[in-house]
Every structure is written in C-alpha cells, then in structure tokens.
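In the form predicted alone, a lone chain appears below as structure tokens.
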C-alpha cells in the first residue's frame, strides 16, 4: 500500500464529504431541521449540471453555477411549501415531508433522465498531476480548494457579520428573535436555499468521479449524517474536521481491509466517538 497516495485519496474524499454535508450542518444548526431529501438534491444537482453541459452545450464552469441556481430556486419553493411546519417546529411532519420530497425527486429524475447511468465529465477530471508514485487530478484540487473557501467564507459570515448574528439568534430561540423584529421565516428560507445551493456545488465538484444515477443519493445521506453528527450538530469547523477524518478513515480502511465494509466501519467510529464525546468533535 502506498501510504502517501492513500492519504491524498483520503484528503480528496474528505473534502467531498465535508462539501456535501455543509448545507445540512447549517440547516441543523440554524433551523434545527433534518432534510431527508438531501441525497436526492445531490442527485438532482448532478443531473441538472449534466443536462446543461451535455444537452445544452454550455461549459462545465457554467453548468455548475447554473445547477446551484436551479437548486436554490427549488429550495425557495420547497421551503415555502413547508414554512408553516417549519414555523411550528413540527419535526415529525417535516421529516416525513422531506422524505416524501426525496422520493418524488428520485421518481421524477428517473422519468426525465432515464434509468441508465450517465457520465458527468469535468474537463479537469482527466488532467492529472504526478509527483513520483503520487497522483491526483485538477478536479481533486478544485474540490479541495472549493471546500476550504466555502467553509472559510461561511465561518466568517456566521461569526463576523450581522447576518450570522441573526441566524444564530434564530437558531437559539426563533420566537424570542421574532420579538426583537427578526423575520424568522425569511431566515429559514435563506438557510434552506443555502443548503440546496451548497449541495448543488457539492454535486458539481464531486459527481464527476462516478457515474450518476437517479437512484443514487442514499449513500450521500448516510455519509452526510455521519459527518454532521461526528462534527457536532451545527458546527461548521467540526463538519470540516469530521469530513476530512472520515475521508482519511475510508481511504485507509478500504486499502487495508475492504471497501465493502467502510460504511459499517464508519458507523462503528461514529458510535465510539459519540460514547466519548456525545456532542461530537466540534462541541465545546
């Protein structure tokens, strides 16, 4: 086993995990909500970017922002339909509704795009960089840099701006925040739009690694859940740390044992961490 290569692979995998998970992290932290359609949004973002690139003939670097925009607009629509439940903090109904939205998205994508796998090929995916026996692609570099930039900007916004203060106040007590003149409904919509746009970015950067299918999304939800819980509910820095940690663990475990058991092993790690630190790695 080439340890250096596996560490590089783990870094790349971890950046993808963290990028896909960040929207759910913010949603949980700011709105105390779980979106079980998160994986289907990832699938839809990949297909929208693929359609824009290969059917409309636009470049990869245009298809990804347009897919983010499309998912952001979808986020406005979905949150508008769920707003009453969100304001009531009816978590059970919200979980059922988002799960239903996920199945509708999956069925609609299968009907529109078909059941055959498609390749969403980035021009950077085949451009490799080699240092002796170690290699990676420019797509890997873009994913890593994009992840670090997004997390950095998000941390600054949440901790150093008035917008972040408003979001944190709604997260702490939405009813009290409304008494101080904060429009909690608008904050919830903004957070949901961010989640959808962020998972669209994740799809645009990560999906070129594998074929895309209408049935994909379940694994993304599972791994996102692991990252969010390991990192600590709502912790941006914790999610980044957990994403990279899970990526390293997945790469090394897959090389040393078997890729077939990585999900089970990841949950074993999750259980172990939660026994030692019940609030996650990012908890204070």
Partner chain sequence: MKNLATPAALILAALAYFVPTVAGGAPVAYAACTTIAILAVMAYGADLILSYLGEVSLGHTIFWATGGYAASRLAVNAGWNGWATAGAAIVLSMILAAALGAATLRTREFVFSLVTYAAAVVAMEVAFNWSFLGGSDGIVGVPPLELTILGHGITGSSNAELWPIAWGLLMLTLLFIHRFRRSRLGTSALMVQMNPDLALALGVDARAVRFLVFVASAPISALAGWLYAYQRAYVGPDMFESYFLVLMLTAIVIVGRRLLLGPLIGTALIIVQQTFFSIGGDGDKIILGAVLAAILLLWPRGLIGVWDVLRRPRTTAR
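Just so we're clear, the structure is a prediction, and the values are computed from it rather than from any experiment. Residue numbers count along the first chain shown, from 1.
Although it is not shown, the form predicted together with the partner chain is what the next lines describe.
Shown without its partner, this chain lists 103, 135, 155, 138 as candidates; in the model of the complex, only 103 has a non-hydrogen atom within 4.5 angstroms of the partner chain. With the partner omitted here, the residue from 171, 213, 185, 85 that has a non-hydrogen atom within 4.5 angstroms of the partner chain in the model of the complex is 85. With the partner chain omitted here, the record of contacts in the model of the complex names 229-237 of 243-251, 44-52, 58-66, 229-237, defined by a heavy atom within 4.5 Å. Looking at residue 9, you'd find every heavy atom of it more than 4.5 angstroms from the partner chain in the model of the complex.
The partner chain in the model of the complex is not approached by residue 128, whose heavy atoms all lie more than 4.5 angstroms from it.
The partner chain is not drawn, but in the model of the complex it has a heavy atom within 4.5 Å of residue 34.
Although the partner is absent here, residue 28 is a contact residue: one of its heavy atoms lies within 4.5 angstroms of the partner chain in the model of the complex. Interface residues of 259-276, taken as those with a heavy atom within 4.5 Å of the partner chain in the model of the complex (partner not displayed): 260, 261, 262, 263, 264, 267, 270, 271, 274, 275, 276, in sequence order.
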